[in-house]
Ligand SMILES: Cc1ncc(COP(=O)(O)O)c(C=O)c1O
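What follows is a single chain, given as structure tokens, in the form predicted on its own.
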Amino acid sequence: MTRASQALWFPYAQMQGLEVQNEVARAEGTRLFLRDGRVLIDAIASWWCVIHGYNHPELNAALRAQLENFAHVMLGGLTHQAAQRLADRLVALAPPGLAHVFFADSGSVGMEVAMKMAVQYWKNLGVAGKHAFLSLRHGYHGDTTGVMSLGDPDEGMHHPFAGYLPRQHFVAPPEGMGDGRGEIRRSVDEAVSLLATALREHGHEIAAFACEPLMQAAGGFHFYPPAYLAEARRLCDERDVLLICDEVATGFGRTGTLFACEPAGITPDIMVLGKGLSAGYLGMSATLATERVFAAFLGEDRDKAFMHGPTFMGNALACSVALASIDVFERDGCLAKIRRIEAILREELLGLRGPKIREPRVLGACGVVEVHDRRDLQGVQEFASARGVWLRPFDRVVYTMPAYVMDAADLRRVCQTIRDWFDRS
């Protein structure tokens, strides 16, 4: 065990006295090979992005091929084939009507782009005062300043910035999916009523309603039914409010369909992708907009142009590996793999009961056990590591969101490790 470097500042960690014992020397498939000789099954795919596993030969080859030409050129006044091809590919895959793609270099920045698009959309149309946002409680949309304001102001990791962040509007989502995927604590009808009231009272100042479709990830891994999303689309249309779907975590199969919007049969005005987009190889996001949104930025007036331009947007290496990842996703039948993962997670986790357990729940390639008290998860990471599994609990939740290539034996071993944690006392 070695003390963390004083130069390296780790994320989401109290640095005082921090001890680090997990130095990765190499990674292959779903396994992390540590410098000290230990091998860990990665149960969370490096924050859910390494969907095809580590060191994938085809993704590696795509990077090498692009590198032979160039690694990066600016998109300001220049373009390149990888960016153009990826934009076309995403439009072809996305819900119907999403026709234009703006690239950035992280999910957080992709959501910042979405917020700026929404505010400027109304300004360009000459509609005054629509510069606030409505979002779901328990939400998480990133760590940059604008999107932090869309996170729950009373809970979560962003409460130290209260008073600094813009004040937004919040509504409670449905709680629970039913069908063994979560006890229903707030029905769709109740949640829709709350949303309708918020839009009726504040729609004149709300540029967009932002939500994570079906699965609120880092805010606590809450799931809710597609019917709520369909009603949100209808209500936003009624009140002239844009709908932003943050699919950074849910996109590319995590909830069981290519995009989580699909089961609701809706197209958002703006959709944001990240994480699985580049299969964990390079930081990248894509913000997709409908023709309606895009058209509002056209005209002779330069002030109507969208004035945003990350230095590394449309990075050629990231675009190339994303294109290769989509090829692998489609060719290897990843949606079928996710259905098999979900079946195992449901079998292994949904029956978990105990005095410390509030609720187990499963959706797609995501299995969650929520406890009543976060102290009941203290030590679970070390416990799992000693059994050859890499877990990282969050608040009151221990979860697995594995790479889609994880085989059944390893997935059952991950689940058994979680079960053993709760059976140990």
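The numbering used is simple: start at 1 and walk along the sequence shown. These numbers were taken from a predicted model, which means no experiment stands behind them.
One more form of this protein, predicted in complex with the named molecule, exists but is not displayed; see below.
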property	result
Heavy atom contact within 4.5 Å of the named molecule in the model of the complex, the stretch among 295-303, 69-77, 333-341, 104-112	104-112
Listed residue (A249, L214, M117, A324) with a non-hydrogen atom within 4.5 angstroms of the named molecule in the model of the complex	A249
Heavy atom within 4.5 Å of the named molecule in the model of the complex - the one residue of G142, G314, G280, P174 that qualifies	G142
Partner proximity in the model of the complex: K275 to the named molecule, non-hydrogen atom cutoff 4.5 Å	yes
Distance check, W48 to the named molecule in the model of the complex, heavy atom within 4.5 Å	yes
